[in-house]
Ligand code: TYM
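Single chain ahead, by itself, as structure tokens, in the form predicted on its own.
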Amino acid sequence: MQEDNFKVTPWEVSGRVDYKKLIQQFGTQKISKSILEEISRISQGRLHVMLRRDIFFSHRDLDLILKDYREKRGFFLYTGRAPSMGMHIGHLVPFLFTKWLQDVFNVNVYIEITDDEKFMRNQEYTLKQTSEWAHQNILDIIAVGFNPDKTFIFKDTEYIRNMYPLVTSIAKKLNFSQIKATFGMDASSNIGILFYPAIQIFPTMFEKKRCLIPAAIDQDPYWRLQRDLAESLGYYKAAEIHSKFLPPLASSDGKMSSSIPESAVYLSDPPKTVEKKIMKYAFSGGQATTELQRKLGADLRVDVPYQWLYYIFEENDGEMQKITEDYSSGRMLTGEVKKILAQKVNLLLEDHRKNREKAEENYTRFLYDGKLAKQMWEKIHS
């Protein structure tokens, strides 16, 4: 979708995103109070911070997922990652939330690593590069803490032999007009990219249960295609739960990009680098001088350090409310907020690095020889 002031596609997000307009244009639903209450009950009152604060804000058929759970039919989770040279904080957000969902509902998680798409979409990349990035990104994903017996991580270029029979059935139901209209393809698009949506749709059919996809809302076009054809192949329409975008450091518009180092905090950034990036580049909604800040307070709508704290890094609602009141009133200065954020980010990354050091030991369990992984390699779709 593109409006005069913002753009949202699976490959580009720019401008100040109007999420109410996206709900209307994409035809999704706002997550209701009753849905939040049911998830809170199931999680024994430990509702995830990104649900409490409306960061995961929109859905398709989340009510049916909860109905299936209540009635003991169950469901499964599916998310993915296009490998890049380095993962940043924004990439980590959907995995943290997906892991929480796995813990709360005790369900299988399937994580697709789209090394093929990354290669086909970028002329300068080689398969060797995307394969190496995939390995490094998988270690970061494992470090999040997924259950190795209930999680299957797979690379498209490896698992394609098991995928291909059903992928061809999906592809047969998609035509060029649909792909062109949905993704803006043209005559210069290579045929691999034209075929790729069938591969991304495939994991929604790993089980004869409803699939729930936690992802940023820019990925919704893929699942609209899936919902058009799933029932004709004997599977459920995919359900979705959509997040807003964690903004880049340097602007409150758009989303974080790996190609702009100063806009992102990478999972590999050491503490001094994290602090420097936040203090130097994080866009502030505070006033130009201390005097004006004390008098007028900060504009929280555009203040990136505040938004990062609100999205994920300050989970304590009482502390967040205090920061909100103090910063907007002028009792707190921008530098103070940035220091709080830098400390919070470094704490998360310190834990992540420790977990990542152990991830190589469990690598094969998630991809090849864990309980769920073994089942999936033995399973041939037809």
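Just count from 1 along the sequence shown to find any residue number. All values reported here derive from a predicted model rather than from experimental measurement.
Not on display, but discussed next: the form predicted in complex with ligand TYM.
Which of 158-166, 281-289, 122-130, 90-98 sits within 4.5 Å of ligand TYM in the predicted bound form, heavy atom basis: That would be 90-98.
Candidate from Q307, Q102, Q200, Q293 lying within 4.5 Å of ligand TYM in the predicted bound form - any heavy atom: The option sitting close enough to the partner is Q200.
Listed residue (L249, A230, L139, A82) with a non-hydrogen atom within 4.5 angstroms of ligand TYM in the predicted bound form: Partner contact (heavy atom, 4.5 Å) among the options: A82.
4.5 Å heavy atom contact, T114 and ligand TYM in the predicted bound form: Judged by the heavy-atom cut-off of 4.5 Å, T114 is in contact with ligand TYM in the predicted bound form.
4.5 angstroms heavy atom contact with ligand TYM in the predicted bound form for F152: Contact with ligand TYM, no.
Partner contact for A216 in the predicted bound form: ligand TYM, 4.5 angstroms, heavy atom: Looking in the predicted bound form, residue contacts with ligand TYM include A216, since a heavy atom lies within 4.5 Å.
Residue contact check: Y196 to ligand TYM in the predicted bound form, 4.5 Å heavy atom: Contact check for Y196: yes, within 4.5 Å of ligand TYM in the predicted bound form.
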